[in-house]
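Take a look at this single chain in structure tokens; it is the form predicted alone.
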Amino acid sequence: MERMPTPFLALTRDVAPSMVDCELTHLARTPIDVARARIQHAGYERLLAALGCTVRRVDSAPSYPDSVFIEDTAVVFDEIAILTRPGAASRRGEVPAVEAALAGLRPIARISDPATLDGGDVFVVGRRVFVGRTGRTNAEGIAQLEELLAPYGYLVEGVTVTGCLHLKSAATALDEATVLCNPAWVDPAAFAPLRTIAVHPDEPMGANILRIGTGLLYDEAYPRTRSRLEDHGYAMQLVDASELAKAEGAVTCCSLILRTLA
């Protein structure tokens, strides 16, 4: 029997042996067990497949400590893939291999100097594109993204973020009407009229959730926030991402999710 195509493609990248030398902005450096991180990453990839993705690994990048966090290298829409210019100069060499992986899947555009833009600062609800103003994404990056997306009818909205690395550390979409957020790091009013659900105050990092169609993938480290989400009717697949979190990573960071187009 011919296998039916999956509705999504997930691009991932292996955990680099140099991950122990990752960029850190808000966390103190603690030892990272690379072998355990790889086991966790493999479990993450299995859940991507369970949620309807064909998982395709981009070529490994052993000399780039943060390369597993592939989300930061591109922002992909149905109409176009936009290669970023990461805010950390040490990460800009990660982009060419991702460009090669995206070739033929989408028309490609680029964010260019002096702009900086990390994919972790961007999430989309309908035709609204929220972009974090952070240490990794500057005003020129937001302006260039707006210009590139204007022909496709997207509304780009800059959002002030404090206290964390990326917008997606502070807020992510649960569905087309609801945002999960940490109100200490981002003003929920920025997403109006969308409904917002606040993380439990004891779990400030719990606002990062990966949406794949109607499915959700979440870090098991935030049980109190998970309980809040379950009370609102949400179900999610859980993964252990504790080693990846030591590098300021989270579940959205480790994949680029593309809708499979006919």
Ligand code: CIR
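The numbering used is simple: start at 1 and walk along the sequence shown. Every value quoted in this text rests on a predicted model; they were computed, and no experiment measured them.
The form predicted in complex with citrulline exists for this protein as well; it is not shown, and the discussion that follows is about that form.
Participant: At 4.5 Å between heavy atoms, only one of the stretches 191 to 199, 216 to 224, 64 to 72, 233 to 241 reaches citrulline in the model of the complex; which one is it?
Facilitator: Result for this chain: 64 to 72.
Participant: Looking at L145, L165, V186, V98, which has any heavy atom no more than 4.5 Å from citrulline in the model of the complex?
Facilitator: None of the other options qualify; the answer is L165.
Participant: Do G141 and citrulline share at least one heavy atom pair within 4.5 Å in the model of the complex?
Facilitator: G141: no, not in contact with citrulline in the model of the complex.
Participant: Verify the contact flag for E248: yes if a non-hydrogen atom of it lies within 4.5 Å of a non-hydrogen atom of citrulline in the model of the complex, no if not.
Facilitator: Yes - in the model of the complex, heavy atoms of E248 and citrulline come within 4.5 Å of each other.
Participant: Against citrulline in the model of the complex, would C253 count as a contact residue? Criterion: heavy atoms within 4.5 Å.
Facilitator: Although citrulline is absent here, C253 would touch it in the model of the complex, with heavy atoms inside 4.5 Å.
Participant: Looking in the model of the complex, any heavy atom of R91 within 4.5 Å of citrulline?
Facilitator: Result yes; R91 sits at the interface with citrulline in the model of the complex.
Participant: Can you name the residues of 136 to 152 that have a heavy atom within 4.5 Å of citrulline in the model of the complex?
Facilitator: Contacting residue: only R136.
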